[in-house]
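Next up: just one chain, as structure tokens, the form predicted alone.
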């Protein structure tokens, strides 16, 4: 059974430049994906590629220009206000920065109790005792001692503890879907594995679907080992497939470049040895709407690439590239 289904999602922003007036930036371009009940998918890409915008649309914080976001068959952006509130309860966002996600003037108890009190107004039979029990339950779920945490302020906690509190707050209202936007990027490297392990255990234990947004390929592989990876570039999916399939055998040059940036210890085998580094930085300037979006940064781009936008093609492993991996290897041999 499909839990969350996104169809032909588009989001265009209008910016105002001092020299050139207004212009449109297509942050999301015709993105479609599904997350099964209890499943996980990862969106990976560099900063500015549009992955966070997708997460915010799914979480109801941004309105799409076009397309639909269906939760159990209901479009969350076209539902009536009462229905939308219930749908938004079922989709919770784990924010990127645990230092800004928590109000420094509120204790952890106040941070966790607020969503529960809102739920109590719409749900009969919810008592203060239930709220206290629920707060203790979610803190225990994320590996924190309620007695030691509840009455502290955020500045009294470590980065890892804050991130676990943010996850606990998302769990208070019993969601069906978690949108984890760079959920480990702002905490120490030594603590990241613990948070990723926690998210994986919560998904398995509570049967929660997870949309994991990251630039960290290793993190997406650990959390989404049995899921799918979507590689996004300038708002467009350029490669998708099973996590290990994409990471061990990338076919799009952009995916290969992302994997080339992953640190590898000396002596370990590097999957996809025919990879390369992208020298030019990501930019929306000079973007042609006719050809491949990656053409200006790709060393294998031809005149055909600049004229034709490659479709996302393939069976279980899809790629939007006119140059499949074999032709890229041939091009390198001819250089």
Partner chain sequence: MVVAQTQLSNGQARRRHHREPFLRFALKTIVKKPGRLIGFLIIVLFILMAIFGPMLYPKNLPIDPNAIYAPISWKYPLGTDFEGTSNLALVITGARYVLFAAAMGALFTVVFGTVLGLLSGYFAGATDSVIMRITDFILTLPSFPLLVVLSTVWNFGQPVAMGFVLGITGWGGLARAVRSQTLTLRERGFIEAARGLGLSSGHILFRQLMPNVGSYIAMNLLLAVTGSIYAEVGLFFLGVVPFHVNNWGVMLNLAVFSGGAMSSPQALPYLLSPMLALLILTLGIVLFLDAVDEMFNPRLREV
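As the structure is a computational prediction, the values presented were derived from the model and not from experiment. Numbering follows the first chain given and starts at 1.
Note that the form predicted together with the partner chain isn't included here; everything after this is about it.
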**Request:** With the partner chain left out of view, choose which of 74, 88, 206, 242 has a non-hydrogen atom within 4.5 angstroms of it in the predicted bound form.
**Result:** 88
**Item:** 155, 173 and 197 all contacting the partner chain in the predicted bound form, non-hydrogen atom within 4.5 Å
**Value:** yes
**Request:** Look up in the predicted bound form whether residue 236 has a non-hydrogen atom within 4.5 angstroms of the partner chain, and give yes or no.
**Result:** no
**Prompt:** With the cut-off set at 4.5 Å between non-hydrogen atoms, does residue 150 touch the partner chain in the predicted bound form?
**Reply:** yes
**Non-hydrogen atom contact residue 79 with the partner chain in the predicted bound form at 4.5 angstroms** = no
**Message:** Would you classify residue 303 as touching the partner chain in the predicted bound form, given a 4.5 Å non-hydrogen atom cut-off?
**Reply:** no
**Request:** Could you list which residues of 131-151 come within 4.5 Å of the partner chain in the predicted bound form, counting heavy atoms only?
**Result:** 132, 133, 136, 137, 140, 143, 144, 145, 146, 147, 150, 151
